[in-house]
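So this first bit is one chain, no partners, the form predicted on its own, shown in structure tokens.
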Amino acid sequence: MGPIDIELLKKIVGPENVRDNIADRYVYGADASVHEATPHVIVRPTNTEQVQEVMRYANREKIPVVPRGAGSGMCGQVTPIMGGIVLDMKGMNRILEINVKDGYCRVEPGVVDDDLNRALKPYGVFYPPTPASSLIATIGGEIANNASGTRSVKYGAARDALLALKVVLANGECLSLGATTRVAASGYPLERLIVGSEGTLAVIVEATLRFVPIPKYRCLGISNFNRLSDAGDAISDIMASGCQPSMLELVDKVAITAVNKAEKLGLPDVEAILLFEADGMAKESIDPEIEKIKSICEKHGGFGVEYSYDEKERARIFAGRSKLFPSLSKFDDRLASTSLADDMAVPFSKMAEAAGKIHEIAAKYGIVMTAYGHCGAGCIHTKILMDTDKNFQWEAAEKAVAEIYDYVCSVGGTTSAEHGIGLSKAPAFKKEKEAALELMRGIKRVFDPNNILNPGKLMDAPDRWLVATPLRYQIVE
């Protein structure tokens, strides 16, 4: 890669949409992970033609291009480890069509999740994946990482809402993939290949998404458990019972302690809390579901069970879960919450065992970890709470992460449930998918022969890329 022609880029997208000062380059060098690297320039296109022109130039000169949404990823997906161009897609943020009759909408990749749902609400429908970062997360980023959220147990992830895509390839060619129909069997479903590709195959410039009716009723409940294993047994039974919860969330003791300390919620001093929700258009169909889930929880030692249809009461019940993530650093004033082993998926029957194993491994290496998440979808989120001033704590954390992912794979789980791979989980991902890595590299070469789209990620990511930024963490030997 030679010098980047900044003036040419300004001609393509306008001088106001090109940034190469050190401050902007620093900001765009990191996402919500612990990783950082500095790009050469930030380019913000506002239409597909500009994306095509940028990609033609970059491909010709073999300049790395990293497509970026809101930068809310926790694993370093958009960290530009080879420099080059960060393609900020937030300038393409138009909702192009809401087709109620055929049940889909067309949006540009920079549309923010919450903004889309505000636009859909008057039609009585919603786009369901909705991750916790929906206030800022963009649709393009959600598709690129196959994001989901608390209601994924019923409504699925980004891939389940995707009908069609328009993408720009590395050579600047624009392709339309998929169809606006709910069913299609016309050759390879290439639009699905883009889902979860983390910007390594193409640049998403338009997405066609299906939406679903907003439920008229929602009932949210909570159950306390003195033993984590009992909560795990309840999870397995609920999912095997024929119930269709719209939410099933696990919160462990570390998270409960942190939330109580940070928010003074007065949650009970127990090993685990389950939150469960059922929704639908008729209350008569929800009541039996909720009663069945309540009965299963109590069968496995659950107590203090309560539930409500009232919006304010639901907000009160869910407060501990909704405030969990920002509360974790309050668990101990000496410890900071870091994202390394950030999420994984295991079979329903292994949820409690996995949570217990996470705590066991953390204790072995002298760190604290929490285990929580969308247990109805088999998703466990973790955060490592450690003294980030100490280099030996980072080393211990890396060893713990490797051991946790070895366990996850041994029980039939997978490296990431919804947050993607990026850099943090690349070693575990490559170990899990070892037999398929060359096939993945072959697919990458077909889409991107010059390897300019987010190079050095997924199957080509380095085995170790743990760079703690001085601004966030000061490592002391």
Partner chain sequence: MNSCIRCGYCYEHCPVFKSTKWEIDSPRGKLILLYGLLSGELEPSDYIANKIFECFHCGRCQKACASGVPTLEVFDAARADLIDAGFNVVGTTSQTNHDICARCLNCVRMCKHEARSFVDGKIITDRLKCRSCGSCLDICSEKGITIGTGYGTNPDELSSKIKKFLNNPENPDAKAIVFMCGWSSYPGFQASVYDKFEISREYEILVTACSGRLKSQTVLESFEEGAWGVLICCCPENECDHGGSARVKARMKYLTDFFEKMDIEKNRIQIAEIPQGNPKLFTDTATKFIKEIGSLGPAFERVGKC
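Note that the structure is a prediction, hence the values are computed from the model and not measured. Numbering follows the first chain given and starts at 1.
Keep in mind that the form predicted together with its partner chain is missing from the display, and what follows is about it.
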| property | result |
| --- | --- |
| Contacting member of Glu298, Asp102, Glu263, Glu173, with respect to its partner chain in the predicted complex [4.5 Å, heavy atom] | Glu263 |
| Listed residue that, although its partner chain is not shown, lies within 4.5 Å of it in the predicted complex (heavy atoms), from Tyr123, Phe303, Phe392, Tyr217 | Tyr123 |
| 4.5 Å heavy atom contact, Thr130 and its partner chain in the predicted complex | no |
| is_contact(Tyr28, its partner chain) in the predicted complex, heavy atom dist at most 4.5 Å | yes |
| Touches its partner chain in the predicted complex: His40 (any heavy atom, 4.5 Å) | no |
| Contact test in the predicted complex: Ala336 vs its partner chain, heavy atoms, 4.5 Å | yes |
| Residues Glu36, Arg118 and Ile136 all lining its partner chain in the predicted complex, heavy atom within 4.5 Å | yes |
| Stretch from 399-407, 93-101, 233-241, 246-254 whose residues place a heavy atom within 4.5 Å of its partner chain in the predicted complex | 93-101 |
| Sequence-ordered list of residues in 8-43 near its partner chain in the predicted complex, where near means a heavy atom within 4.5 Å | Glu16, Asn17, Val18, Arg19, Asn21, Ile22, Ala23, Asp24, Tyr26, Val27, Tyr28, Ala30, Asp31, Ala32, Glu36, Ile42 |
